[in-house]
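Next comes just one chain, in structure tokens: the form predicted alone.
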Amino acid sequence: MLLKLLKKEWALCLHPTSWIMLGLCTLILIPNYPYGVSFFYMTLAIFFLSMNARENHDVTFSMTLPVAKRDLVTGRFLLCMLLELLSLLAAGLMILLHRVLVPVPNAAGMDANLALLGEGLILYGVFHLLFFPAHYRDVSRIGVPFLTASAAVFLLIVLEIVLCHALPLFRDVLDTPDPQYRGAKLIFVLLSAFFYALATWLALRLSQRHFQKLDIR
């Protein structure tokens, strides 16, 4: 059933700009650029996806399907998580290309390295927590939840840039070219993945609870 809901979300809600946002992972190839911003664009794709669903009255249509109300939220989460996974895979490819094409340190924050993927997971987890529960309180409200979540994402990106210059763990270990400190970076990615999973699960439960209480007319 969830696979069918994912197929429905992909066919009816996915916005064409999602592919443009995915392509912006190539920003990782730009020297001295805050690479964390490349992950923000996928959250922007989720915003357009949600807006596309609202304008096409997707909730009204979906409520006519023989599925539990909470599963409709799960279907949306699955689509967004799939897009985020694709962005992380694309970012990983860009990181490998960066090592070949632009083998210089990044002066504007985290280097294009393994730890950058961990940052992406953290940004996505925080976005889920702030955007989806607020959105599913009232599915017609997208702008304010997105602005709130986006502000938090950019604050974290700024914090990462500061930490890469001020905190020894970031400056001397995480913000280094691969394959230096690969073990420490891998641990960071695994911890980030755990945070992503926990934050996404919590956001899903809150969103389902809010959507269950929502009166769809």
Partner chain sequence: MSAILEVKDLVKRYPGFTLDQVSFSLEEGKITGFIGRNGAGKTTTLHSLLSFLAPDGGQIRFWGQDMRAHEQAIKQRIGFVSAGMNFYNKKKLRRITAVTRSFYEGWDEALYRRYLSLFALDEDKTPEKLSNGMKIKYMLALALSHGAELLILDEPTSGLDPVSREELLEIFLNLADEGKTILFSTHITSDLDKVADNILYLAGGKLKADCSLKEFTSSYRLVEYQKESLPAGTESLLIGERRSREGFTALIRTEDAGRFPLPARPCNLEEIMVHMEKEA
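Only a predicted model underlies this, so the values are computations on that prediction, with no experimental measurement involved. Numbering follows the first chain given and starts at 1.
Same protein, other form: the form predicted in complex with its partner chain, not shown, and the subject of what follows.
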| message | Considering non-hydrogen atoms and a 4.5 Å limit, which listed residue (Ala152, Val158, Ala184, Leu65) is close to its partner chain in the predicted bound form? | response | Leu65
| Does its partner chain get within 4.5 angstroms of any non-hydrogen atom of Tyr33 in the predicted bound form? | no
| query | Counting only non-hydrogen atoms and a 4.5 angstroms cut-off, does Arg171 reach its partner chain in the predicted bound form? | reply | no
| message | When the contact criterion is heavy atoms within 4.5 Å, does Asp138 count as touching its partner chain in the predicted bound form? | response | no
| said: Whether Gln180 contacts its partner chain in the predicted bound form should be assessed with a 4.5 Å heavy atom distance threshold; does it? | reply: no
| said: So if I measure heavy atom distances to its partner chain in the predicted bound form, which of the stretches 85-93, 67-75, 106-114, 123-131 falls within 4.5 Å? | reply: 67-75
| So, Ala11, Asp58 and Phe61: all three within 4.5 Å of its partner chain in the predicted bound form by heavy atoms, or not? | yes
